[in-house]
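A single chain, nothing else alongside it, follows as structure tokens in the form predicted on its own.
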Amino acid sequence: MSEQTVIWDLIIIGGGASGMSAAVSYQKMHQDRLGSFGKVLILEKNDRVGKKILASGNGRCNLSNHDMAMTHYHSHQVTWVESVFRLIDSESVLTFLSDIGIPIASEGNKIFPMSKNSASVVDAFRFALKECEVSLESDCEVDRIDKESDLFHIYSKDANEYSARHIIISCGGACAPNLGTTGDGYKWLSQFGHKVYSPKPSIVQLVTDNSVTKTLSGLKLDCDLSLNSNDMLLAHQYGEVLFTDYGLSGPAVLQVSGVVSRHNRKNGLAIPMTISLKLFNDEDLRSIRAEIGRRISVWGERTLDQLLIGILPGKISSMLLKTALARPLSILIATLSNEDIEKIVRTLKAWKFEVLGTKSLEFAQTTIGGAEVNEFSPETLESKIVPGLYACGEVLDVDGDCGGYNLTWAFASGILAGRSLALHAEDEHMEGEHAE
């Protein structure tokens, strides 16, 4: 019998973190309950599985986080997400990873593989898939999915057909299309009647007025970052900020970018937003104010561009002074007034950049939006609309902050979908025996 005419127990569309977790957890549970592996096939669009895992954490693969407060997750239905984590929590995820050969190490709250290498995570999954007798077809781009009676029929763009009793859609969101996540799952779920929220980028760079940032492109600062709308604080983060040609990047910026994205509309932001950078703490600012006063009296004949030597890097110093005073850097330090000093200190305390939006989905690390989660059971991840159809990972309307939260969701939802399906297979098996 050719592979095209095989009826698979389960076909998983997408061999990323959630899809591979689903396959391994299904097979382990199936063998534990029924004494044998099921017939499972992963259809992967890329030439190999786990490509997005390879890119995570700058190649170090931030797997999870010790701080699993639900405030780190976002969805139209956060309580639904919490229900899933009650069944498969972060400890369950780490145990699962350990069982397939991925021991962990911590850096603060962040959890990494002990190897600090994302390729080793993918290798562990590949070996687990092989040991669990999961079939894999890579370079297989699914074109459409139909359901007839109790069977799903999947058609690839190279004209192959696959049939299965159950399917899991785990092909990711719509960010990073170079890694294969092009939003295909949204199309298929929509065709089956599921509501899908339009995708937006998250953990992504911010586009700002670049009159300052372009000159400073490539330079970094560790500072307090606040995202504000008028006088309202929307988000706060301490960390590295990177100046770029188009605006701002770096870990602190990526962490607050989801807030900007959620207010993004076709014609711009729904509310005005400003990034404010506090370069020094209050105690240091008091010392700097006194130091500037001292330099005015001692360095009076020097030019303004030398005022903050030793306090800030040269280029950053020059641009900050231009922003604060809007005067030529060639003027003498002695000409500065008390009001000028206060302007400089205020800018060091709150260097402001108008936010225009975010970079596109192409540059994002995760996707805001996806399939409405209330249309899936939080106990099993099976569709409430189409029996036998499951979904997990980023294709659902769940996104997490930067720091291992999205991978944790991918693993947890994949494990739950796989285990639920295996238990369903056990129930079907038992029903068949009783019927005999």
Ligand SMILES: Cc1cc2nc3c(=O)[nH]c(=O)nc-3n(C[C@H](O)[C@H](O)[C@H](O)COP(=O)(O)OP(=O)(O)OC[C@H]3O[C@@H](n4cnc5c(N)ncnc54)[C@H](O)[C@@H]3O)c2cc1C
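Since we're looking at a predicted model, the values are computed, not measured. Quick note: we count residues from 1 along the sequence shown, nothing fancier.
What comes next is about the form predicted together with the ligand, which does not appear here.
Only one segment in the set 360-368, 282-290, 343-351, 87-95 has residues whose heavy atoms sit within 4.5 Å of the ligand in the predicted complex; it is 360-368. Checking 125, 162, 188, 243 against the ligand in the predicted complex, a heavy atom within 4.5 Å turns up for just one residue: 188.
By the 4.5 Å heavy atom rule, the three marked residues 28, 38 and 415 all fail to count as contacting the ligand in the predicted complex. Taking the partner from the other structure, the ligand in the predicted complex has a heavy atom within 4.5 Å of a heavy atom of residue 61.
Residue contact check for residue 397: none of its heavy atoms lie within 4.5 Å of the ligand in the predicted complex. In the predicted complex, at least one heavy atom of residue 17 sits within 4.5 Å of the ligand. Contact check for residue 43: a non-hydrogen atom falls within 4.5 Å of the ligand in the predicted complex. Residues are counted as partner-facing when one of their heavy atoms sits within 4.5 Å of the ligand in the predicted complex; in 55-82 these are 55, 56, 57, 61, 62, in sequence order.
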